[in-house]
Every structure is written in C-alpha cells, then in structure tokens.
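Next up: just one chain, as structure tokens, the form predicted alone.
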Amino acid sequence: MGVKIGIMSMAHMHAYSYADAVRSMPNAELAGIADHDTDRAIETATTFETTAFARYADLLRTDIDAVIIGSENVRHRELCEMAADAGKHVLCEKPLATSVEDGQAMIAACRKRQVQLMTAFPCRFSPAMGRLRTTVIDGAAGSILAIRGTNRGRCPFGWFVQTELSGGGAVIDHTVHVTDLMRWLTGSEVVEVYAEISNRMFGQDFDDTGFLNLRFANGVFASLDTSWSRPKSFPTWGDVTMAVVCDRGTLTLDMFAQNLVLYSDKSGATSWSHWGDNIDRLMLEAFVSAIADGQPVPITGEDGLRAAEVALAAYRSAETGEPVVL
C-alpha cells in the first residue's frame, strides 16, 4: 500500500503541482485536502478526485501518513504543529517560517513526536543543478571563489503581497531557494548578509526588489537578485540562475532553460512551454521514499530555517543600512 498524503491548504500555487505529482505516483495516494477556505477545499478536491475536509483536524484524524503544507506563510507553524501532534510527517512549502522562533518551534514539534519535517526546495532536484554540484565536488573546476545568483520572477500578488499573511514580499519569497542551493553547493553557512530592498517596481507597501550580498563561513562570497522584476508580459514566471566562479573556471546554470517558445495569435502573447524534468515530482518522490523506507528526508527543517534566516537578516540589513552577522 502506498504512502497516504493529505494537503493542508491550497493557498500556495505550488500545492496544485504537488497534488498532481502525488496523484501520478504509483507508491503514493492523495487521501484528502483540507483548507480554511472551504470552497477552495471542495473545488480542489473535486479537481484532484479526492476527499475535501472543512477542518484540518478532521483530515489529521484519518489514517494518512504525511501532509503537505501549502498555506500562506504565516500559517506554517500552526499547521505543522497540528500535524506533528497528530503523528504525521510534514513537507512544508518555503519559506519554512516567517520568524526564527516559528521555525525553531516547528523543528522542535516534529522532533518531539518523532516525525520528519522536510522543506519544499524542489530546485535541489534539478538534474542541471545536480550536474553542477557533482562537477564542484569532483574538483574539476577547482575551489569556489564566488557565486552570482538570481531568482527573478513576476509578482504573484494575492496574499503574497499582504505582509500580514506572507511575512514580507519578494525577498522572503525568492531569497530562500537560491540561498539553499548555495549552502548545498558550498557546504558552508552564510555568516553575514548585506541587502538593499525597495518597492520601486510597483510602488506599493510591499518589497518587490531586493539585492543581497552574502558571505559564507568558508570565505565564499555571493550576490543574489531576489526581485519580482519580470513584467506581466514576460513569457514565463521567472528564473533560477547561478554563475559559480571557481579558480579553474566558471560554471553557469540556467535551471529552466529547457523550453519551447510559443507565439500565439489566439492569446496575442509569447510564452515559454517547459519540457524538462518535473522537479516538483522528483522532490515528492524523494519525500515519499523517505517516509516509506523510514529514512531521513533529504532536505530538513533545519535547511529551511537556515535559508529563512538569511531572508530575515536581509530585511534587518536593509532597515539599518549595515551588514547583519548571523
């Protein structure tokens, strides 16, 4: 029998991809969807041919093995603690939490009940990223000196720009993915963050542009553009790129370059249709395998917290105009 998974909230658009991935896996079952938005629970449960639950507690009382948390960022702690108390393993959407205290509480709750907590960082499962990391580990390019990274996208609006639900804007949304990749690649932690953040893309009361300089414990330094700087007319949602400067050469990554360019007279727009590997499914397969085999998840709550700490430090740096030491 496969691993039974429930979803706690479909607020995040990634939850739809995760639900689709679980349904396509022979060793997993999408056993239910619960949401504080009852209409959304019913609608999405109908779409994905599973059971809708009006209350999270009702889903957690079933015989599911694990949950995916796809809620607004500020709800992550509450839902994670509920799931842990019910003895369910957790895959939590990024950022793990909107405060260090919440992230620590989530990790502690799961550790107390001896359930696993995994952070949803699908970019680690990109085959291109895997090849880049293998090249670095094998020493073919030499030692890493510096990294230039980007995660530039279109503004998602909705609750993402309501800071009381998201915990911030572009910086908390887009810092964590590439920061996690840099940590994974270097095997080192960020020890200092300097950031400049503004709202000049849309001029509203949320940050839409951010540029971070990071210093790692092993001496590597990095820059990271985390802006919602792509206009509505841009042909895709955004990017994940890295240029890894080593002492024998530079390695470059364009994670989502596998696409077809579609010029549509029907829509009057140009779009990019991705044909590469489904990294969401690869991530879900790793999560399900870890649960089924009783093995540690490959990306932990601690990984999620370390990345979130960098985003939170970036906000403090931008407020003071000074680097923040972690």
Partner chain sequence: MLKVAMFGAGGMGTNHARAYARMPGVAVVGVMDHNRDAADRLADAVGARGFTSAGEMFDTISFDIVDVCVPTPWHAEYVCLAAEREVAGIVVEKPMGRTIEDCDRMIEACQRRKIPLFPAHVLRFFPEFAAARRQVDSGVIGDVASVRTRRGGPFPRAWENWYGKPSLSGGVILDLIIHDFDWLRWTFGEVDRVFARCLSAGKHEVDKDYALVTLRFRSGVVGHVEGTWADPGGFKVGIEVAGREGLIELNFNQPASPAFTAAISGPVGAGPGVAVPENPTAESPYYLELEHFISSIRSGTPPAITAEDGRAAVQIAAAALESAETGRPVHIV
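Keep in mind that what you see is a predicted model, and the values were worked out from it rather than measured. Numbering follows the first chain given and starts at 1.
Form predicted in complex with its partner chain: not shown, discussed below.
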Listed range touching its partner chain, judged in the predicted complex by heavy atoms within 4.5 Å, from 127-135, 100-108, 77-85, 237-245: 237-245
Indicate whether E192 is a 4.5 Å heavy atom neighbour of its partner chain in the predicted complex. yes
4.5 Å heavy atom contact, Q116 to its partner chain in the predicted complex: no
Can you tell me whether T150 touches its partner chain? I mean in the predicted complex, with a 4.5 angstroms heavy atom cut-off. yes
If you check in the predicted complex, is R200 within 4.5 Å of its partner chain, heavy atoms only? yes
None of L181, A222, I172, C155 but one has a heavy atom within 4.5 Å of its partner chain in the predicted complex; the exception is A222
Quick one: which residues from 304-326 get a non-hydrogen atom within 4.5 Å of its partner chain in the predicted complex? G321, E322, P323
